[in-house]
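To begin, one chain is listed below as structure tokens, in the form predicted on its own.
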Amino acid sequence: MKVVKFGGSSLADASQIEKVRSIIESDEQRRVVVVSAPGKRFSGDTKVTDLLIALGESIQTGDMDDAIYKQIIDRFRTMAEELNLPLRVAEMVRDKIDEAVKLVEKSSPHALDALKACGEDGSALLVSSYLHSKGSAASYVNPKEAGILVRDQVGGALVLEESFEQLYALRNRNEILVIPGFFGFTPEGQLVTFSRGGSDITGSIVAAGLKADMYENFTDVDSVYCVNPMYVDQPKQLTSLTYREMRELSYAGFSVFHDEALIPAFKEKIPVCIKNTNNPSAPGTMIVADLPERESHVVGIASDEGFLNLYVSKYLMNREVGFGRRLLQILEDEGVSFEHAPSGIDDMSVVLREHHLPPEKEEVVVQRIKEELQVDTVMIERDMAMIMIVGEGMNQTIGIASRAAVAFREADVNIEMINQGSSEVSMMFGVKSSNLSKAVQSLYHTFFE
């Protein structure tokens, strides 16, 4: 059995859904399908999820944007018509959107999650109906029916262990099952979404629960590249990666896969294959538990912007028991999560995503650090970018750090921060966002050319 997940670009319009049908029906092992919301049809287009979020925000301000509502309804209606589906299919999608709109109007606690989930739900209704209309035995399966149970954490649901046992029962159904991604239900029956891009998470959860032989993730690229093609023209394609390598790459900016998605598949040791909906015959990239020995230990260079560095300095900090805990406690109290925390004898840096510390929250955090920790210096540096070199066994390979340092020097880029820590598969560098492109290009030249 294969669990197959299709991303937003694979479901953007009727012609893409026809490709999806062809892929599913070409392999009888593809029995369970997880779908995203319709993505962009062309450059400059808007994803359905973004339209749903904008619609929800307009309702919350007290004046629903009818133009956005019409745009969403028309998008699904047009696809249904072009696929020659019965009128009731588009009406079912509209009814679910209308139900969610009413929840937002009533200011229900989970209303926005319910509205955001309508994109994936609509895709699943279209795909299952289209498969059925073409003669395949296919059914729409709601995540509640499938048994995807999650913790009640709005916009950031976490799967509960009992889900996997309930999902296994789906193996008994002799038809193609189409499940909307991105959301699950609490044991009390409340709809909650995963973090953005969470359809990948659903696919991995379903594959783990069904103990599938493979989890195929169809997107719009032939394979994973060793570096972002935005920075390097025609970069090297990767035919295979380990779970740990892919997770590090995903976390640090590889948009091909959600960084949380591999965990359920990893636990069950289910191989994952990333493939291209527009070129399904391409071999893609295999993600597995272990790989044979490689000639090169560096497999990828990931990068991402939107970070800040919270720098704290205090003389004899290293002798002050509990200093680091109290600093991180302040962040926890203010609802701020951190990414990295390299430290020295008298100073400590905490790397955060910029959106986690807006200016109004920054003022509170800085004031508390000054008053409660009596520091000598507290400083926040925004517009930071993180670059991560990834590869199994790097910490046992002599010269990786020195070669990277030379690459930064040749690019005339100052390293603001470096952190390897206990990770065997990655080494992180912090630079100014304005230097990101030339730093990545130089690193690519050093390790791959």
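All residue numbers are counted from 1 along the displayed sequence. Please read these numbers as outputs of a predicted model, since none were measured by experiment.
Missing here is the form predicted together with a further copy of the same chain; even so, the following discussion is about that form.
Q: Give a yes/no on whether D412 approaches a further copy of the same chain to within 4.5 Å in the predicted bound form, heavy atoms considered.
A: Yes - in the predicted bound form, heavy atoms of D412 and a further copy of the same chain come within 4.5 Å of each other.
Q: Give a yes/no on whether V272 approaches a further copy of the same chain to within 4.5 Å in the predicted bound form, heavy atoms considered.
A: Residue-level check for V272: no, no contact with a further copy of the same chain.
Q: Quick one: does R41 come within 4.5 Å of a further copy of the same chain in the predicted bound form, counting heavy atoms only?
A: Looking in the predicted bound form, residue contacts with a further copy of the same chain do not include R41, since no heavy atom lies within 4.5 Å.
Q: Can any non-hydrogen atom of S139 be found within 4.5 angstroms of a further copy of the same chain in the predicted bound form?
A: Judged by the heavy-atom cut-off of 4.5 Å, S139 is well away from a further copy of the same chain in the predicted bound form.
Q: Looking in the predicted bound form, is a further copy of the same chain within 4.5 angstroms of a heavy atom from every one of L328, I345 and A401?
A: Yes, all three are in contact.
Q: Just one of G306, P280, P235, G155 has a heavy atom within 4.5 angstroms of a further copy of the same chain in the predicted bound form, so which one?
A: Contact with a further copy of the same chain in the predicted bound form is made by G155 alone.
Q: Which one, D98, E332, E363, E372, lies within 4.5 Å of a further copy of the same chain in the predicted bound form by heavy atoms?
A: Result of the distance check: E332.
Q: Just to confirm the contact call: exactly one of 41-49, 23-31, 387-395, 63-71 touches a further copy of the same chain in the predicted bound form at a 4.5 Å heavy atom cutoff, so which is it?
A: Single hit among the candidates: 387-395.
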